[in-house]
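Below you will find one chain, with nothing else, as structure tokens; this is the form predicted on its own, and questions on how it binds or moves follow later.
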Amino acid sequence: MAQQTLHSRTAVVTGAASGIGEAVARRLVADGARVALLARRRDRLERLAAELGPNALAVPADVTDQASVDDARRQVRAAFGRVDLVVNAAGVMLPNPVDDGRIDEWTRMIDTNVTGVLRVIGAFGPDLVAAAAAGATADLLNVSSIGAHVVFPNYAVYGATKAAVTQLSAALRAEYGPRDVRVTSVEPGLTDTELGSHIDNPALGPDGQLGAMFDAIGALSPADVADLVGYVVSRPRHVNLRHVVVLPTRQA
């Protein structure tokens, strides 16, 4: 199947300061797209943008803050014009037993992983619809997780947020598909990112449960996931890879 060039594409990538988001941004710029890099950490974004060159734009933004997302949209439109590719890669993973009652963690995961995705779709979705109506290829790609449908102890709330992202993506295909906007959910398995460093329970973090999984299974790199994203968004306009699961071989 022929690959479409990304040289005419304008993308927004959230979570671009590290991990999968950063790797996706690198891949899209390498493939010729202009990419707005959205994340909270200005210093990391600016270093990445300087490294990637004029096709990368650092846009500090917090997906849990509506005013911040609105401001990011204004900055992207002023610099790059209409967007035709959105990758929602911002996310947070905070496992703990539900019995611990960590409402702070639950709220943070829901606001980042679910409501944050919705804020970004609300900001840039009209651009995708307009781009498709003008005959361009338009993509919304949401990074979910294998945790959306595989049960891991202590990851109940994280898994629930990712199940919401996968379901949201499926429902949005019914709304966007008839208007020629492609919607894809990508579910990576165990991936070597900094998410594990956010875990405050030593028994569950890199020196505990998560580390044991890495030792037993091995992990994908963020570049592995970015390679898949690059493939998905370079398909011909009439082809929508709707739901893609990518796992380390030993996890499959």
Ligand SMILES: NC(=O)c1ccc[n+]([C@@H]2O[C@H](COP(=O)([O-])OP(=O)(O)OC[C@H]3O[C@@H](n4cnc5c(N)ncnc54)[C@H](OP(=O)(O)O)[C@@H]3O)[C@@H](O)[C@H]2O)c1
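This structure is a prediction, so every number in the text was calculated from the model and none was measured. A residue's number is simply how far along the shown sequence it sits, counting from 1.
A second form of this protein, the form predicted together with this ligand, is not displayed here; the remarks below concern that form.
Look at the candidate spot formed by Ala17, Ala39 and Ala61 and say whether this ligand comes within 4.5 Å of a heavy atom in all three of them in the model of the complex.
Heavy-atom distance to this ligand in the model of the complex: all three under 4.5 Å.
Counting non-hydrogen atoms within 4.5 angstroms of this ligand in the model of the complex, say which of Glu194, Asp207, Asp70, Asp215 makes the cut.
After the contact test, the surviving option is Glu194.
Taking this ligand as it sits in the model of the complex, is Thr112 in contact with it (heavy atom to heavy atom, 4.5 Å or less)?
Answer yes; at least one heavy atom of Thr112 falls within 4.5 Å of this ligand in the model of the complex.
Given that this ligand is not shown alongside this chain, does Leu57 nevertheless sit within 4.5 Å of it in the model of the complex, heavy atom to heavy atom?
Heavy-atom contact with this ligand at 4.5 Å: absent for Leu57.
Does Pro95 make contact with this ligand in the model of the complex, using a 4.5 Å heavy atom cut-off?
No.
If you check in the model of the complex, is Ala89 within 4.5 Å of this ligand, heavy atoms only?
Yes, Ala89 lies within 4.5 Å of this ligand in the model of the complex.
So which stretch, 70-78, 139-147, 121-129, 174-182, is the one near this ligand in the model of the complex (non-hydrogen atoms, 4.5 Å)?
Result of the contact check: 139-147.
Pull the contact list for 150-178: residues with a heavy atom within 4.5 Å of this ligand in the model of the complex, in sequence order.
Counting only heavy atoms within 4.5 Å of this ligand in the model of the complex, the contacting residues of 150-178 are Tyr158, Lys162.
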